[in-house]
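Okay, so here's just one chain, in structure tokens, the form predicted on its own.
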Amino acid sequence: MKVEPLNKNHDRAAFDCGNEALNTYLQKTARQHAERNLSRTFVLTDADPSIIISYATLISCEVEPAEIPASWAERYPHRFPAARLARLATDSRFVRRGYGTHLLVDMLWRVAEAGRNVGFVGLFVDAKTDELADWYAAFGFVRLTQRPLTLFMPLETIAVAWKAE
């Protein structure tokens, strides 16, 4: 398996995760956003490097202290920078085989590496369902009280977990 930035050699048209918005983003928007430095989309491939098994998009964002747990917000009196896992999807042909987990681990590693060189406080993710929020929570993400489908993992946790201190 290989994780790499989305490029023109990947068959975006064949990707179908069952969610039209996620499919459309990959097929029509992801490459343009990367070219404009708005986001970075990474794909997981295997034997045929043109077939996209799963994809994830990372972006930067600004967050209000009120959006995170109070125990962390005390340290941040003003808006602060963070990373956001904007999208994570697996093609329907490959679900429930651990590919999403593989890609999430890779994204956490990339965020830990970025955190060594760029100042930000952690990684946010917006889950589409409670079931997905539980899935992210199993990796150590914490649900936000005000918005339970939004989860957060501090950079310190990521760095320790992925040994990128």
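Residues carry their position along the shown sequence, with the first being 1. From a predicted model like this one, the values you see are computed outputs, not experimental measurements.
What comes next is about the form predicted together with a small molecule, which does not appear here.
Checking 125-133, 65-73, 109-117, 27-35 against the small molecule in the model of the complex, the stretch whose residues place heavy atoms within 4.5 Å of it is 125-133.
Contact with the small molecule in the model of the complex holds for all three of 22, 89 and 99, each having a heavy atom within 4.5 Å. At a distance threshold of 4.5 angstroms between non-hydrogen atoms, residue 17 is in contact with the small molecule in the model of the complex.
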